[in-house]
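What follows is one chain in structure tokens, specifically the form predicted alone.
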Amino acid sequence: MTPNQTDRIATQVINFLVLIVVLILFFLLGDIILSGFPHISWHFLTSPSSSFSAGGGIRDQLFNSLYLLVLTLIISFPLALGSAIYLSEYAGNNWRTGLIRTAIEVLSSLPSVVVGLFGYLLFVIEFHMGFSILSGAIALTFFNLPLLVRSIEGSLHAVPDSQREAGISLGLSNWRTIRGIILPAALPGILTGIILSAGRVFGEAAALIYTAGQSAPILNYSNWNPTDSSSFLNPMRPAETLAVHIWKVNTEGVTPDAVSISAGASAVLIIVILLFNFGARAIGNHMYKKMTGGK
């Protein structure tokens, strides 16, 4: 067998394997969306859930998921960005760096239910924060940090050293080189890490059962006072997210239309994740072109 024939066979095998992965993805997404889309309506999206009677919606659960995602990213992204910059640009090859990387690997291997129980014991019980959005956001920060740190660090490493050398040759300090040259060039990779972590946070259920809770109190969307218990912006209130609601409906639901609610909520969950991915990529590409002067 000639090298060209071997290369063609290897290329065809790789393309076939990629095709299988793509088909599996489209099959899963298509099955969930096609099964649930007929149950999605404006009433379904804007009505509160119902525990016993049919016709309930997912308004509060959908907002809770989005609110929790925003809070988690606000907490975790600065920590992950700072850690990634340190590991990529400042840390030496010594025991301290090895210890940090080992801690990140150990944290990434923890099951989400263990993170949830840790958050329950520490934040809900010990710190008396109760079941709340903030407890869930902090717990998901532990769950989210390893993925964010590794993806951001990888995107920083991918920037050619010639760009660092160019900044130093212009007399820029190390920090100004990182801020003005390295970070803009690494923006697409950073954005990919944010998208991956956001999808993971939005679909998480196990950790939130023990931290954010399983109840969805009645919210007043005209109350903008975050210290009021009825305000939709109050971070200290319990909040059942969309993923937790899907799990609860499938395991404990007694409503006559539990199957329809579960299918519709699952489709909404997938659609929101897809919209977030496409929207974040569009915004990131626009920012990248603006920051790097590309067209």
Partner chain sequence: MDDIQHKLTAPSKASREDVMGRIISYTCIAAIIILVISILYFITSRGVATFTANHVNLWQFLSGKEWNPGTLNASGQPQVGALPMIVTSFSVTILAALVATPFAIAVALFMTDIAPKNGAKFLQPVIELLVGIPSVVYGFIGLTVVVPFIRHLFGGTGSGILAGTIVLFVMVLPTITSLAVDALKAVPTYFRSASLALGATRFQTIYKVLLRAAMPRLLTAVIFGMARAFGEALAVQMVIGNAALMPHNLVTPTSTLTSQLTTNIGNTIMGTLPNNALWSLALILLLMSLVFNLLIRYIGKRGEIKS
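Rigid core here is just the name for the largest C-alpha set that superposes within 1.5 Å across the two forms. Numbering follows the first chain given and starts at 1. All of these numbers come straight from a predicted model, not from anything done at the bench.
Keep in mind the form predicted together with its partner chain is missing from the figure; the text below concerns it.
The chain is drawn here without its partner chain; in the predicted bound form, the stretch among 55 to 63, 223 to 231, 244 to 252, 41 to 49 whose residues come within 4.5 Å of it by any heavy atom is 244 to 252.
Using a 4.5 angstroms threshold between heavy atoms, residue 280 stays clear of its partner chain in the predicted bound form. Residue 149 belongs to the set of residues with a heavy atom inside 4.5 Å of its partner chain in the predicted bound form. The shortest heavy atom separation between residue 95 and its partner chain in the predicted bound form exceeds 4.5 Å. When its partner chain is considered in the predicted bound form, residue 187 lies well away from it, no heavy atom lying within 4.5 Å. Interface residues of 27 to 56, taken as those with a heavy atom within 4.5 Å of its partner chain in the predicted bound form (partner not displayed): 27, 28, 29, 31, 32, in sequence order.
After superposing the rigid core, the Cα of residue 171 is displaced by 2 Å or more between the shown form and the other one. In the core-superposed comparison between the shown form and the other one, the C-alpha atom of residue 42 has shifted by less than 2 angstroms. Comparing the forms between the shown form and the other one on their rigid core, the Cα displacement of residue 30 reaches 2 Å or more.
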